[in-house]
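In the block that follows, a single chain appears as structure tokens, in the form predicted alone.
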């Protein structure tokens, strides 16, 4: 680590939070690529059909793999269906949680909210705190001291990132928060973004979660088998690796404290299976720039904006060839970051009228 570097405070209640406000980085106006208003109105139209189809497939696959795991329980063959079940439970739930938190997956509000609550439970992210946390993430994306969802504060914790493959770092932290919320309290950071009128919902939901998990644990103890926990609880850990594989591509190693999503987000081309599991969040620059566009229209939005965007990554191999060396370099030099190159046809990086383009 270089002598000139002063470690930054990534908390939401520290010095860098105040500095972000003083520099005009908090609740700032972000750059937005130009797109005809008529076309944008077409792209932000929400429909129930695609999300109902994809959610039905998701649940059918969960039931099928879970049933196969039950039938094969006691043999080594059970590993394969539970691997599939775990990814569907502990990873695919992440993207469903995400899209339904924006209420863009379905046109019908209650459908978004039902799937959001189910997915929140699966991925172990409490629905109320994380809805407000994610709102802040979009308002102040990778702004130090403002964004509660910065994936790798500098210098990065490489061991912690590796442990997150099975949610061994983030999972216990979420469990501790649930237990804290059961007592009717929030963390200091949560108090900065969860409105007072929403806080009773946090405490209520946490107590419901604890009750459900307590019942599953009781059934496991009573039956003398961990099988019940293989369906509820453990898949949030053993099935978390795929969401990390996709999720790390979003922002890690990129610029902090910029007001242009082209510089702090990545778009990565992925295979059809990953895109289904990830619900098209691989188009992450486009999603952050225009978060009101439903997931099933992000590929179309990508085509509209390609001329103004950095070249997308061709797949996991290319993006991780950049991410892994960047993380190791940031351990030694936390000031380092990957500088995304804009094409010659792109408008220069500068704040723009983002808010006007993100409304229906």
Partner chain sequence: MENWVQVCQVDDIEAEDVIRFDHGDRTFAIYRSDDDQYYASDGLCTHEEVHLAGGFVMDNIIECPKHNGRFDIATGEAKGAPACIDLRTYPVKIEAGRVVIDIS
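Positions refer to the first chain, counted from 1. Predicted model only: the values in this text are computed from it and were never measured.
Keep in mind that the form predicted together with the partner chain is missing from the display, and what follows is about it.
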So, in the predicted complex, is residue 109 in contact with the partner chain at a 4.5 angstroms heavy atom limit?
yes
Look up in the predicted complex whether residue 335 has a non-hydrogen atom within 4.5 angstroms of the partner chain, and give yes or no.
no
At the 4.5 Å heavy atom threshold, is residue 314 in contact with the partner chain in the predicted complex?
no
Contact of residue 295 with the partner chain in the predicted complex (heavy atom, 4.5 Å):
no
Does each of 46, 104 and 135 have at least one heavy atom within 4.5 Å of the partner chain in the predicted complex?
yes
The single option of 307, 53, 37, 321 touching the partner chain in the predicted complex, heavy atom within 4.5 Å:
37
Contact residue in the predicted complex, from 331, 61, 28, 68 (heavy atom within 4.5 Å of the partner chain):
28
The partner chain in the predicted complex: contacting segment from 285-293, 74-82, 157-165, 214-222, heavy atom within 4.5 Å
285-293
What residues of 191-216, in sequence order, lie within 4.5 Å of the partner chain in the predicted complex by heavy atom?
197, 198
